[in-house]
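Let's start with one chain on its own, the form predicted on its own, as structure tokens.
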Amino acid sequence: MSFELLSHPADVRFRATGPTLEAAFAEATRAFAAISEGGGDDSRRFEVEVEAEDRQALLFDFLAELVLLQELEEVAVSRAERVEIEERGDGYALRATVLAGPIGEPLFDIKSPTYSEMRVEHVERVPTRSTERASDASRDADPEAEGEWVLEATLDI
């Protein structure tokens, strides 16, 4: 699990990864907090719920909720404590507990997420000889064990 900020000529872009889709969304929350430069204090908890027709729309709507949360509640998002994603017949539903705190310094102004170059995909790892045997056992236990989820998004600033 990790995130990194990527170069972009006009806006801000990040990549978040995790062994599960939920973990990758939690890392996207940490990336959002790093970009807004407000994370740190996480004394308040907010329940965030979004539904969308596909995974990209789910990421877009989740990031839009983080922008709204900061604006309406006047808090700085810090991280997501719990993320649950459920696949439904007509799309996906996400529930998360987002931790935030009072705004100390002015936040970097994130206006909204964009669909520009948005990416939500599961990437398989290329096995090596030493990991092939272990991979067979772990694949049986957890089908996502052989790869990671990669989320990339651009935020309009």
Partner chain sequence: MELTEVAENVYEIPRSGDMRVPARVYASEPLLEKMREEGQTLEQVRNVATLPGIQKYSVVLPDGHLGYGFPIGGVAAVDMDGGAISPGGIGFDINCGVRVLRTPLDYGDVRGSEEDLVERLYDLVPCGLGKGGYVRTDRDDVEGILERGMEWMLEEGHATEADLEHCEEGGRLPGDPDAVPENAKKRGVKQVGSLGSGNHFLEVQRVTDVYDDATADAYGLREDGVVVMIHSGSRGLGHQVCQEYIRRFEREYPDLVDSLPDRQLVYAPIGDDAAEDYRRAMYGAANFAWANRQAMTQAVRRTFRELFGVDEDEVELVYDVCHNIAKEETHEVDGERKDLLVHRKGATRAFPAGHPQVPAAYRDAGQPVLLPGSMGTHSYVLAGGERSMELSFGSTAHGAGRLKSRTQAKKDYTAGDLKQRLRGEGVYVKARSGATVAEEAPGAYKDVDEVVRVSDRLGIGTKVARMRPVANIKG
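Positions refer to the first chain, counted from 1. These figures come from a predicted structure and were not determined experimentally.
As for the form predicted together with its partner chain, it is not shown, yet the points below apply to it.
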property: Triple contact flag 22, 27 and 43 to its partner chain in the predicted complex, non-hydrogen atom at 4.5 angstroms; result: no
property: Its partner chain contact at residue 97 in the predicted complex, heavy atom, 4.5 Å; result: no
property: 4.5 Å heavy atom contact, residue 48 and its partner chain in the predicted complex; result: no
property: Residue 1, heavy atom within 4.5 angstroms of its partner chain in the predicted complex; result: no
property: 4.5 angstroms heavy atom contact with its partner chain in the predicted complex for residue 111; result: yes
property: Those residues of 60-87 which, in the predicted complex, come within 4.5 Å of its partner chain by heavy atom; result: 60, 61, 64, 67, 68, 70, 71, 72, 74
